[in-house]
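In the block that follows, a single chain appears as structure tokens, in the form predicted on its own.
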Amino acid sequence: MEGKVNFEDLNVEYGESINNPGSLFLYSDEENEFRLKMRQWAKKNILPVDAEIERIGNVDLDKAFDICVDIYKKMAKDGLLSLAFPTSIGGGGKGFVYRVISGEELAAINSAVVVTYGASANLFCAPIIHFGTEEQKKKYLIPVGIKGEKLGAIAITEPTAGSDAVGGMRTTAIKKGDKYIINGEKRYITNGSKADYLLLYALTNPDAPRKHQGISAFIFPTDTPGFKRVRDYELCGRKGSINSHLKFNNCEVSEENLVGGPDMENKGISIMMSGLDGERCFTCSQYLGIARSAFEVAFKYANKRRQFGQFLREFEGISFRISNMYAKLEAGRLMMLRAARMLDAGLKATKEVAAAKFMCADYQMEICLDAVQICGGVGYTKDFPVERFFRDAKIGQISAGTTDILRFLCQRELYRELKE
């Protein structure tokens, strides 16, 4: 390609973030110290294998995923998994703000690593932290989120239950004696075929007048007879992450696996909605990390690449793109951080999380698209990481609630508050 300049020659790095005192001002000194620690750790432990995960993920998904799991275990060893876990089981007692800081710094380097970490240490563990019995917390949170010896996943989506997770749910868990018999299937489950445990939602009362009145949450060990890993999907982006189709055929689980104990039977909707708010807030950090690195590459490239005798940044069209990308990053950060702090304060934040999620997802996609455009021909090649960021970004508008359904949820909450 004529005029092509190698990535190394331009010395355009990512994962460091542009110096921005305004962003640092939003966090406490302790939070900023943790961010720096997390960033340095990610650059040391993930950046050297970042390209390898992407390359291997195209030909040997299991091998690429194993690298992500090794990083997950290293996080546990270095005490980075347990910060947001209860002090009673050896955690740091921190909350969502620390989770989103971790998510951003990991995502700024590699998407497969952050979703592997997120699905296990956050999406699986968070509902147990907030709703589980003390026995469940000790039995499952310690091996998954403290020691990193086991892997978790959250299982909601089904063939008929995507955005309509409640109304379309068909998986059942019918009680017989002290057991529940589970039948059904789940799709697009991150970590699904590799997880040791699933946070599984199923209908315990299929005849309930309203579906949400008959849903329960279970901790499901994947070595249970009747459980089948159907296949792992080949994804457009996030190479190295596992996304699975799972089936359950007369799987028996003990009543002790009902999240929250017997009193929470048919009350799983409260666990699900709380879990979804936490999940969506965490995914915002992934989008922010990816978009931040895409912006960083494009920003530095525009300051090094010359055309028509001047730097790209000196062209008005390019300079305006850079300004818009920066503004979107900072706007997304403000919305995400507000939602995270509300969740940490124990406040209902459904509309704030929904708004943050759909705006961060859209901003991420727009920033990554602009990054490819600014980098031009080389931006569309594997020589630059922006084409990968672009592929990794699209799922943000689909997973954990599409941007369309989240806009609906946001206005629904607004009108509910008006009525109340």
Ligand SMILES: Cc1cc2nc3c(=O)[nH]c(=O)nc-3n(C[C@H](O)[C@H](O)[C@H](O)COP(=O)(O)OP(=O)(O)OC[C@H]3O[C@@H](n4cnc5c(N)ncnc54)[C@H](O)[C@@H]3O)c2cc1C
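Keep in mind that what you see is a predicted model, and the values were worked out from it rather than measured. Heads up: residue numbers just count along the shown sequence, starting at 1.
Below: the form predicted in complex with this ligand, not depicted.
- Checking Ser88, Ser163, Gln307, Asn249 against this ligand in the predicted bound form, a heavy atom within 4.5 Å turns up for just one residue: Ser163.
- A single residue from the set Ala155, Cys284, Ala112, Ala339 has any heavy atom within 4.5 angstroms of this ligand in the predicted bound form; that residue is Ala155.
- Proximity to this ligand in the predicted bound form, taken as heavy atoms within 4.5 Å, picks out 188-196 from the listed stretches 188-196, 263-271, 128-136, 91-99.
- Residue contact with this ligand in the predicted bound form: Arg238 places a heavy atom within 4.5 Å of it.
- Although the partner is absent here, Ile53 sits far enough away that none of its heavy atoms falls within 4.5 Å of this ligand in the predicted bound form.
- Although the partner is absent here, Thr402 lies within 4.5 Å of this ligand in the predicted bound form, judged by heavy atoms.
- This ligand in the predicted bound form comes within 4.5 Å of a heavy atom belonging to Ile398.
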